[in-house]
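Only one chain comes next, encoded as structure tokens, the form predicted alone.
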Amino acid sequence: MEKSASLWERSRQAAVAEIVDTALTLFEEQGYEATTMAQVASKAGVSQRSLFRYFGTKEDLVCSDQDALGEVLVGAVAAQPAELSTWDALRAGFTAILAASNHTPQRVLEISRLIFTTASLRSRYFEKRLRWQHALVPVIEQRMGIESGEVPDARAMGVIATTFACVDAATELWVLHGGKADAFELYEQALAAVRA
């Protein structure tokens, strides 16, 4: 039974990946706003009903893996050794996200470019990233030796928000450089300027 479930899950992941590839190709060719879910379904060879089972909205075709990556981030930060600084633990979490991604660097660039140039996608992206930040609060509070309460601690939220702002700035610059710059070097530059 476990094998068939595993086979089913692998088949599902392959179908999802194929649909995403098809959608991204159409978005690149026609533009995000001009592409309909019906066109994606037709080109991917699935019914619209099946497409909506995999992806609830058009934005999910681009941002669907964000929830899973958020769990990877929180888990990776929590798993870092206690002696590692909070800043380094967060950096390790973002490194873990890159390792967990199912996309090639070129595909990550295409997705990032689409997100940063499409208002509705950017809005959805930041909405999911805010959830990541809130999920990180207790982990960062513990790492900073702060007792968790009903209301998050300003220091923990400040560190998290700063890290995310620097990651987003580095990612946007990486996209503007066509993927040729080192995203982590850009992140370190942004963080160093803020911390100075």
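Just so it is clear, the structure is predicted and the values come from calculations on it, not from any experiment. Note that residue numbering follows the sequence shown and begins at 1.
In what follows, reference is made to the form predicted together with a further copy of the same chain, a form of this protein that is not presented.
- Among heavy atoms of T162, some come within 4.5 Å of a further copy of the same chain in the predicted complex.
- For the chain shown alone, R113 is not a contact residue for a further copy of the same chain in the predicted complex, no non-hydrogen atom being within 4.5 angstroms.
- Contact between E172 and a further copy of the same chain in the predicted complex is found at the 4.5 Å heavy atom cutoff.
- Contact annotation: E33 falls outside 4.5 Å of a further copy of the same chain in the predicted complex, judged by heavy atom distances.
- For the three marked residues, A15, E28 and V72, no heavy atom of any sits within 4.5 Å of a further copy of the same chain in the predicted complex.
- Put simply, of S101, T117, T95, S123 only one has a heavy atom within 4.5 Å of a further copy of the same chain in the predicted complex, and it is S123.
- Contact with a further copy of the same chain in the predicted complex, defined as a heavy atom within 4.5 Å, holds for exactly one of C63, A44, L51, M157, namely M157.
- Along 169-190, a non-hydrogen atom within 4.5 Å of a further copy of the same chain in the predicted complex is carried by A169, E172, L173, L176, H177, L186, Q189, A190, in order along the sequence.
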